[in-house]
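Next up: a single chain in structure tokens, the form predicted alone.
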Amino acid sequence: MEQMAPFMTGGSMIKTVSVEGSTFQEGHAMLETGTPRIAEAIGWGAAVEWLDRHDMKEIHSHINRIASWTAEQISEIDGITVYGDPTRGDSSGAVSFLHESIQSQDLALLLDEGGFAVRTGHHCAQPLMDALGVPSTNRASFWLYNTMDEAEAFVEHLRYVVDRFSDK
């Protein structure tokens, strides 16, 4: 990239412009020609306006209530370990868990078949995964738009998956 020159000019790839010449951004940014990310800025503004209509403490209470209940329920499922403590006041509404005999990717696919999307992997926290002695976890995340009915359905489907596919 250091040896390349831009093949198109304009927009965000310019660093400086003068009568004597121009300089360009470094790395991939020198190839970012055209209009700046206006759509993203407008979308961000709309999101901030929408969030401003809600009480963040109420949202936090809502997601912690659902996440805490979910963590408690799934910790009672044979073979499931819940990582972290969603009942803490500074919790994020995420519930990380792993089954002892169903690999996290397989579990995520089986949950997806029931209509439930979870993240799986090391979640950009490989040192934590190493400290926990696990290669990865599954993570269900809750937010304002989630309901207790959805959490109940998630737990029910996870119970079904574990009963059907675990080694026990």
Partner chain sequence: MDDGRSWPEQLDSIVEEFSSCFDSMERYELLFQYAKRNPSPLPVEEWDDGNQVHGCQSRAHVSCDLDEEGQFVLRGGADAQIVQGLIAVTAIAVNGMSPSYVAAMSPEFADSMGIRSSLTPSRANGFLNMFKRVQEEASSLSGRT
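Computed from a predicted model, the values in this text were never measured in an experiment. Positions refer to the first chain, counted from 1.
There is another form of this protein, the form predicted together with its partner chain, and it is not shown here; the text below is about that form.
- If you check its partner chain in the predicted bound form, you find a heavy atom from every one of 103, 113 and 157 within 4.5 Å.
- Although the partner is absent from this view, residue 165 contacts its partner chain in the predicted bound form, with a non-hydrogen atom inside 4.5 angstroms.
- Proximity of residue 109 to its partner chain in the predicted bound form falls within the 4.5 Å heavy atom cutoff.
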